[in-house]
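The chain below stands alone and is given as structure tokens, in the form predicted alone.
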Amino acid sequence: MRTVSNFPIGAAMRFLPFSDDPELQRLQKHHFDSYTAGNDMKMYNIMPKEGVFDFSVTDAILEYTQENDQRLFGHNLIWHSSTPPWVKEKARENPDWLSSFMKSYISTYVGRYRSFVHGWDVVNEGLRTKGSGYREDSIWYEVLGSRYIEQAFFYAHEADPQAVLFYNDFNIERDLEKFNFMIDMVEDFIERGVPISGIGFQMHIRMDTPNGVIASTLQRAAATGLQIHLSEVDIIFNRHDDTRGGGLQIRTSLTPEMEKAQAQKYYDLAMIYRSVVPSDQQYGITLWGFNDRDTWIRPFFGIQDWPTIYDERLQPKPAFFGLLNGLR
């Protein structure tokens, strides 16, 4: 797959058990030239306790990507859901501490991998789940207000001026209120010189997400001139409310007709990206896991689904060939 695309094709992996699965490694090396860590590079793993950084897994990932000539993408620096409990507790006890901690954390982390990590999701999911507005159930917003987002970009840019810096979020391809709020925020950043380089569309989409809406939002985002990353792609048949355990099981088995339709949807998504995002702004397409055996959808939402391009036996589905043809 990597050989037919004009831009990087990535997969998000959990290094364990990935590093102990030869077949998964073979497929990843063959098809992908960009690596995103599923959870390994998030704050609760990088700094599980105060004053203690654990870079062991990230160092191993870096070694793997360098050995296999792959781009390493950093996911992520600041995210409410990956903030360790000890950070939240200390921030509420001493609000003035949180800003200095964020600067120190980003400076140390990004600085360690300066020139090795190509790009970062600097802030992930800083907006409300639905509609316009900032995510208020975040310790970062609660203590620092909305300015924490731009501050994080300044700290990351200072630590690595060459890194490509993204704001990353979900549902912005179809929730137009959320999308418009995000675009207003990004354009304000650009106007005021906040060092943002790109917009990450997670692109956890459903089969019934309208192609026209996806094309429109991607085209509008590309009009900012920033890099556009489809950063966490999978395509589900069922539904959910974006909360843990909030899945709605509509389809209970995968039929050949469903597989054919999913292949078309993967094809359409690749074609939309190629057609509406200028080539010099195409940061790439990253799949959030590439096989149904390891998909996050099933355990998180509590539903059976088949959202990826490989099945549970690590065999390519029609979706694989749909994406491949779309990339061609």
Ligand code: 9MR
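Computed from a predicted structure; not experimentally measured. We number the residues from 1 along the sequence you see.
Omitted here: the form predicted together with this ligand. The next part is about that form.
Answer option from Tyr273, Trp288, Tyr283, Phe32, heavy atom within 4.5 Å of this ligand in the predicted bound form: Here the answer is residue option Trp288.
Heavy atom within 4.5 Å of this ligand in the predicted bound form - residue from Tyr113, Phe154, Tyr134, Trp79: Result of the distance check: Trp79.
Contact flag, His75 vs this ligand in the predicted bound form, heavy atom cut 4.5 Å: It does: once this ligand is placed as it appears in the predicted bound form, His75 has a heavy atom within 4.5 Å of it.
is_contact(Gln202, this ligand) in the predicted bound form, heavy atom dist at most 4.5 Å: Yes, Gln202 lies within 4.5 Å of this ligand in the predicted bound form.
Partner proximity in the predicted bound form: Lys42 to this ligand, non-hydrogen atom cutoff 4.5 Å: Yes, Lys42 is a contact residue.
Contact of Asn171 with this ligand in the predicted bound form (heavy atom, 4.5 Å): Residue-level check for Asn171: no, no contact with this ligand.
Which of 262-270, 34-42, 275-283, 50-58 sits within 4.5 Å of this ligand in the predicted bound form, heavy atom basis: Careful reading of the contacts points to 34-42.
Interface residues of 117-133 toward this ligand, as seen in the predicted bound form [heavy atoms, 4.5 Å]: Counting only heavy atoms within 4.5 Å of this ligand in the predicted bound form, the contacting residues of 117-133 are Asn124, Glu125.
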